[in-house]
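Just one chain follows, in the form predicted on its own, and it is written as structure tokens.
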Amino acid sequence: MNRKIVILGTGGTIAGTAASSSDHTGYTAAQVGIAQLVGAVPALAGGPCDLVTEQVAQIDSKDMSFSVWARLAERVSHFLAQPEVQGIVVTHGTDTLEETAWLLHALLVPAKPVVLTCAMRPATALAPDGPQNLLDAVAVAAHPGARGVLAVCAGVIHGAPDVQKVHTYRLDAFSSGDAGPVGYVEEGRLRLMRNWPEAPVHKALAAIKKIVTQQDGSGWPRVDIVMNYAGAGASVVQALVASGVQGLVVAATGNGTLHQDLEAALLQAQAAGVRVVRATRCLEGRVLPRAGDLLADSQGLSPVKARVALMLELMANGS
């Protein structure tokens, strides 16, 4: 039985085109199909695994939707269950890559590698970064023992729990913060720095059936993000509660600190049945819980990942 690497396309800058090869920002994302992207990297054909391609979506990842997430989760779950599949690569836009990575990791807890990759320059650039990123991602997916959801960009391997986009345009746009990268891809070989990402400890798995059977995007609980800042007040929280929000993640300052007016509004929302979670807007570190905390912390997740985790938890609990 030949081992297979499945490459799923969702669009993004890696599939983008521009009128000029020197234009790195005025491009249109999601124009080139996944089969064409793979065909443009001849070195992929010489790898240890057969390649299978499938176009799951063709969008700019800033427009990521619940329906695309549901379709992607279903296809990843489908291929993970096939014994001949060694690993999966997903081409994705950079803007929401970290959210999709965490969704797949928390939802599927894959024992095989699921590697998201991307590009900061469109396919038509004079020196596009997408082909090398795709080649590196396939190398990671083919690596014996690799597991979990990962992101590969600019030769760096990031774990889904830690990866964040931290720069608006440079090729090395992602960071794993103070956790550090999982490793590096060097001339097709992996140099690992730490263990593969661990499975999250929560009840998200109970949501998988709902997600894959509701691919129109219905059934997802509404969770929004608010931010703490100088002069933050209660009005945004009050408006969200009035509109029927089911969960709120607050991007707090520092170690989960909140303006007194915002905190009072969040506590009122929680008393009314809205789930509230505190994350931090700091790029590094995490909210350290203390005895007597009235608002739950995000267990180290960034605000956008804490939102995904809370949606899955609410869905699993039937909310």
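A residue's number is simply how far along the shown sequence it sits, counting from 1. In this text, all values refer to a predicted model and were calculated from it rather than measured experimentally.
One more form of this protein exists, namely the form predicted together with ligand SIN; it is left out here, but the text below deals with it.
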In the predicted complex, the one of 44, 56, 59, 262 near ligand SIN [non-hydrogen atom within 4.5 angstroms]
59
Among 115, 248, 211, 120, which has any heavy atom within 4.5 Å of ligand SIN in the predicted complex?
120
Is there a heavy atom of residue 12 lying 4.5 Å or less from a heavy atom of ligand SIN in the predicted complex?
yes
Taking the shortest heavy atom distance, is residue 94 within 4.5 Å of ligand SIN in the predicted complex?
yes
Though only this chain appears here, would residue 69 touch ligand SIN in the predicted complex if you measure heavy atom gaps against 4.5 Å?
no
Spell out, yes or no, whether the shortest heavy atom distance between residue 78 and ligand SIN in the predicted complex is within 4.5 Å.
no
If contact means any heavy atom within 4.5 Å, which of 187-195, 146-154, 233-241, 94-102 contacts ligand SIN in the predicted complex?
94-102
Scan 288-305 and write down, in order along the chain, each residue with a heavy atom lying within 4.5 Å of ligand SIN in the predicted complex.
none
